[in-house]
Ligand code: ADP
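Form predicted alone, single chain, as structure tokens, below.
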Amino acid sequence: MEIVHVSAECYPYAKAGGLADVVGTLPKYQQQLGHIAKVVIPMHRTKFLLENVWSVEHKGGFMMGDRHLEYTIIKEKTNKLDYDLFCVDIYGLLDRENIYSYDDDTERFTAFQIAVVDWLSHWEHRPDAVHVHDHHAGLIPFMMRNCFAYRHLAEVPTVLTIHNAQYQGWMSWDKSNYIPDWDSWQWGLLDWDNTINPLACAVKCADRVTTVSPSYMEELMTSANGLEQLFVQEKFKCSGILNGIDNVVWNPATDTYILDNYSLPDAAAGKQLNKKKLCKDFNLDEKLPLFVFIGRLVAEKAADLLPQAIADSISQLGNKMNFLILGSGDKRVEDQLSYLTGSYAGYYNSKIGYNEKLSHQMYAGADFILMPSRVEPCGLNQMYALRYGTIPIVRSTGGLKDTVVDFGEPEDSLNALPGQGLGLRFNYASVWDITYSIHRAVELYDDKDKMAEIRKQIMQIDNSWEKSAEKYINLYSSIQIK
């Protein structure tokens, strides 16, 4: 099969979150299964763009409202990612350093999608599936079926994967003329609550809809930022396929970012050496359990609860643990976390920003990783942590619920599904639940035999992409050509 993935992000070209990791990895595993996978993203002006060699594949143009836009499709020439990577360049719109957060993002991503469909319409053959990711590509299934110039693409199967339904790409109806001439009788496919909603449109128009974990699909029926009824109506074509991780990149035995490589037989010694370096670098006590948080400092991740939870835990337990935070996001939360450094020097530290190398070092050196998310469609951090023998502390939501069972619940442990690891789970995104789980973790840390037993179990879990990639192939195959 030939599959075309369309996304706003793709690691290592451009990354803002887990979407990039999925789009950067899933196609590689589909290639390994014997299929042809291609990725198309905007031509963000990133380090990857400037350091690699590109060829021009196609040039074209289209009208978007009253503007005539010209686009260029470029291709990475060396197959560096093990699949074909294409970028869409539209001068003045897509050639920017950041992925998101511009005032004209509606225009930017609408133009990107039109360029992709226009390019596909010039192919001499048809791909077997067009796989769009999140709202940034959500109008593509509609345009392939209902824009007069592109209706010869109507028989190409389309799949939508929702990585985060909180963001839907809302557009006011006065921008409906951005979309190339379309069948106005089909306006209802674009509309949700009197607004053009690209994500809702994709749910209606795509042949199949997936989310990045089974539990997240269930949650969308009751909590989807206004789209709950739509998911109930369209549930016959919806399913959850759990994300995977790249076991080549995330492997403590070969990871070049960490101080000391280790595998299951020498995990205790290897993790301790990595922990020692990490604690030295951040003025922490290597003899105490090390808790880390890695990710965006935003409400979805419940990062706003961390400052109080950390302060309460340290004061209540009398300096019996260390905390290290890596992330960026809400400025208020950043300031609160930075302020704690002065109050709890020697037991707490933070690095505001993002550092890929440091994140690997934290997975390798930490004892526990905190993930108290309010919303977590899948989550990859807990899978990275399991791979490195770091015990996840997670809220029971979305993919966290699908990949972590509580070590203290015998029934859950005995009935763990493939890919599920032992950790600590709690039910509510609250300071109390977080601090209580930290207290439990400190007690667990003192039980060295139990820690070793859990580490042995979680490091043997296979959360790689092979099975999930095959599920997507089966999904494409299930779509009947119209």
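Start at 1 with the first residue shown and count on from there. If you're wondering where the values come from, they're calculated on a predicted model, not measured in any experiment.
The discussion below concerns the form predicted together with adenosine-5'-diphosphate (ADP), not included here.
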query: Position in contact with adenosine-5'-diphosphate (ADP) when the complex is considered in the predicted complex, options Pro252, Pro392, Gly270, Gly295, heavy atoms within 4.5 Å; finding: Gly295
query: Candidate from Gly353, Gly408, Gly92, Gly346 lying within 4.5 Å of adenosine-5'-diphosphate (ADP) in the predicted complex - any heavy atom; finding: Gly353
query: Segment assignment from 332-340, 191-199, 275-283, 354-362: heavy atom within 4.5 Å of adenosine-5'-diphosphate (ADP) in the predicted complex; finding: 354-362
query: Any non-hydrogen atom of Gly24 within 4.5 angstroms of adenosine-5'-diphosphate (ADP) in the predicted complex; finding: no
query: adenosine-5'-diphosphate (ADP) contact in the predicted complex: Ile99, any heavy atom under 4.5 Å; finding: no
query: Tyr384 within 4.5 Å of adenosine-5'-diphosphate (ADP) in the predicted complex, heavy atoms; finding: yes
query: Exercise: Lys301 in contact with adenosine-5'-diphosphate (ADP) in the predicted complex, heavy atom 4.5 Å; finding: yes
query: Stretch 373-389: residues contacting adenosine-5'-diphosphate (ADP) in the predicted complex, 4.5 Å heavy atom cut-off; finding: Glu376, Gly379, Leu380, Asn381, Tyr384
